[in-house]
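Taking the form predicted on its own, here's one chain by itself in C-alpha cells.
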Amino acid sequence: MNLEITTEEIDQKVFVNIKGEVDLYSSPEVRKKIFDLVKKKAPVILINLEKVKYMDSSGVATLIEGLQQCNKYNGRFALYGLQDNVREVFELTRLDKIFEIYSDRESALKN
C-alpha cells in the first residue's frame, strides 16, 4: 500500500494524517514531513495514525526523532488513533510512557 501524508493546520495546531504502512521504505517520507514542521517550530504537531495498519521500528524511530526535535523548542508532539497492532508496538517498547497518545482527535485537542 502506498503511503499518503496530508497536513491541515487549525489554530496553530498541525494535524499530520498518515495513511498506509510506515516502514523502512516509507519512513523517510514521514520524517521529511515532520522535520519540515519542526523547522518552522510548529507549536503543536498532532500525528493521526488512524489509517496506519503497520509500523516497524524505523517508523517508531522517526516519531521519536520528531518528538525529540519538537521538545527542543518546547513544542507539543502527540499521537492519536493508533490501531491495536500499532499501539502494541508502543506498549511493548514502553514508548506509551514517553509519547502523549490519545484515542481520537477530540481527546488530543482537549489535552
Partner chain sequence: MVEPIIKIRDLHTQYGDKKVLKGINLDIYPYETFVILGRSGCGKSTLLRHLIGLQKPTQGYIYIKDNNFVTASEKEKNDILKNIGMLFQSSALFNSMTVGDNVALPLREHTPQPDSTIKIMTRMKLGLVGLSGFENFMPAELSGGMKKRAALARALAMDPEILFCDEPSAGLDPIVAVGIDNLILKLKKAFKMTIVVVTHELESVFVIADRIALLHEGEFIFVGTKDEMRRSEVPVVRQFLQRAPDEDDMDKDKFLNSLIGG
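Computed from a predicted model, the values in this text were never measured in an experiment. Residue numbers count along the first chain shown, from 1.
Form predicted in complex with its partner chain: not shown, discussed below.
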* Are all three residues Y25, D56 and V60 in contact with its partner chain in the predicted bound form, where contact means a non-hydrogen atom within 4.5 Å? -> yes
* Asked: Does the 4.5 Å heavy atom contact test between E9 and its partner chain in the predicted bound form come out positive?
  -> no
* **in the predicted bound form, D96 touching its partner chain (heavy atom, 4.5 Å)** => no
* Although its partner chain is absent from this view, report whether E100 comes within 4.5 Å of it in the predicted bound form, heavy atoms only. => no
* **is_contact(K33, its partner chain) in the predicted bound form, heavy atom dist at most 4.5 Å** => no
* Asked: Which of the residues spanning 60 to 90 lie within 4.5 Å of its partner chain in the predicted bound form, based on heavy atoms?
  -> V60, A61, T62, I64, E65, N85, E88
